[in-house]
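Presented as structure tokens, the chain that follows is alone, the form predicted on its own.
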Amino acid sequence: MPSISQPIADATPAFELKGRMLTLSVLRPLITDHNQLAAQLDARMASMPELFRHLPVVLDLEAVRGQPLALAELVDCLRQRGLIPVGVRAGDEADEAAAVAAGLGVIQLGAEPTRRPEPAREPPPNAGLVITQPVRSGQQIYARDGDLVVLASVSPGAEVLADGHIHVYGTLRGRALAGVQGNSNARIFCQNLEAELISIAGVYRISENIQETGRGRPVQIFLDGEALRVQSL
């Protein structure tokens, strides 16, 4: 039996602590009326409940800083709807104390730097994935380290992802997420946009926020600064 005085350095490591950049959704309350906020959130979630289920969110309190905000009630409101609040940012001292009491982290980002355009990542030779059959509901296709080309349609409930660009030569009705590892220069191209969700480098829109002028026609989707643009081809 090993001695209880055995040096800790000889023990098998029990954990690793690493720094890693993760993409998190940010919920930015614009009002302090929880009933009105909950009603609008319910309406948004009703169209795509799967998108919000178990979704980790950071609460950005900049817009309501200094206003009376019952943070614990807001956190409970979100948890009841299946969202998972993980932290707050841009709150005052009272908000930060309430966040700690609610078991949330306090995220100090300071002044946010101006985002600089990132050079497009060149995929390795022959990188990418070509799909010749329709992507059926429930299927998920991921092109790691390259582009995804779908020579057919993407059905509702299907999901296509790529570290690079996504090209859909049929109707895009499911979810399309390009630049999933953070490449903000990635784009989505499709012949007929009817998507449930589109995303570039973690910035997304759901169906109800895609303008009707972009639907039912060939488009390209790209990031313009922090905004997701849908442009006719």
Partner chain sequence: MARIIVVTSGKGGVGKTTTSAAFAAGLAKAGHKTVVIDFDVGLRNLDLVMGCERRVVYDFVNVINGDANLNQALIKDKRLDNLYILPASQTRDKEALTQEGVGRVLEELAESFEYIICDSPAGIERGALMAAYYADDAIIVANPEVSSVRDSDRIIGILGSKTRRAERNEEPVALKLLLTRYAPSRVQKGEMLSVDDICEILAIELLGVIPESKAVLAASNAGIPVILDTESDAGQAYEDAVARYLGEDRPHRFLSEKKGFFGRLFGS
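Positions refer to the first chain, counted from 1. Computed from a predicted structure; not experimentally measured.
The protein also exists as the form predicted together with the partner chain; that form is not presented, and the subsequent description refers to it.
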(Q) Is the partner chain in the predicted bound form close enough to Pro29, Asp60 and Gly87 that every residue in that trio has a heavy atom within 4.5 angstroms of it? (A) no
**Q.** Heavy atom contact within 4.5 Å of the partner chain in the predicted bound form, the stretch among 136-144, 78-86, 159-167, 94-102
**A.** 136-144
Q) With the cut-off set at 4.5 Å between non-hydrogen atoms, does Arg187 touch the partner chain in the predicted bound form? A) no
**Q.** Proximity of Arg173 to the partner chain in the predicted bound form, heavy atoms at 4.5 Å
**A.** yes
**Q.** in the predicted bound form, residues of 178-200 near the partner chain [heavy atom within 4.5 Å]
**A.** Glu196
